[in-house]
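Below, in structure tokens: the form predicted on its own, a single chain.
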């Protein structure tokens, strides 16, 4: 939990950018108005999280998933957000599936090109990863995001630690 109420506020730069993207050019927003919008957004996030957590607890889980958030939006009477959230979730899943498939294809291609060399030494068969390949390998480590039954991700980083947002406990 946050030690101070200020710790729960969204970053001012993020709020300012969102406000600027939402209003027409030439419209100014005072500092007080930005602060009020920031506080309101923080309260909304906390409320949505709390309601989502209630749905997870009812299902005897400690992890909030996308279905919990969508149910919370309906429960909070924000039905107008349900369809756009579902569309964003589907787009996210498709993007992750595409990244995973592309990474698997590259891995197969590398294995096939390595096997076709036949009598190459171990040093010759090592492949240097570019920064792009490393990022895509990390993306491939995201598990469960594209599965129809799962709305959570497990992300492994290079430090050996992992962030597990999908372990159901109950």
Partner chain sequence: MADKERVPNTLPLSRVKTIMKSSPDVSSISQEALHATGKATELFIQALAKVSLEKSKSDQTELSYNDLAEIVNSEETLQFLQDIIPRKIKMSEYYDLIKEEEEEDEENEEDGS
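Values in this document were obtained by computation on a predicted structure and should not be read as measured data. Residue numbers count along the first chain shown, from 1. Rigid core here is just the name for the largest C-alpha set that superposes within 1.5 Å across the two forms.
This next part talks about the form predicted in complex with its partner chain, which is not shown.
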Check: Wondering, does residue 30 line up within 4.5 Å of its partner chain in the predicted bound form on heavy atoms?
Finding: yes
Notebook entry, point to check: Even though its partner chain is not shown here, does residue 59 get within 4.5 Å of it in the predicted bound form, heavy atoms only?
Noted result: no
Note to self: Just checking whether residue 39 would be counted as a contact of its partner chain in the predicted bound form - the rule being heavy atoms within 4.5 angstroms.
What the structure shows: yes
Item checked: Interface membership of residue 65, its partner chain in the predicted bound form, 4.5 Å heavy atom rule -> yes
Note to self: With the partner left out here, which residues of 83-99 have a non-hydrogen atom within 4.5 Å of its partner chain in the predicted bound form?
What the structure shows: 84, 85, 88, 89, 92, 93
Notebook entry, point to check: If we fit on the core, is the Cα of residue 60 displaced 2 Å or more between this form and the one not shown?
Noted result: no
Item checked: residue 45: Cα shift of 2 Å or greater between this form and the one not shown (core-aligned) -> no
Next item on the list: Would you tell me if residue 28 moves between this form and the one not shown by 2 Å or more at its C-alpha, with the rigid core held superposed?
Entry: yes
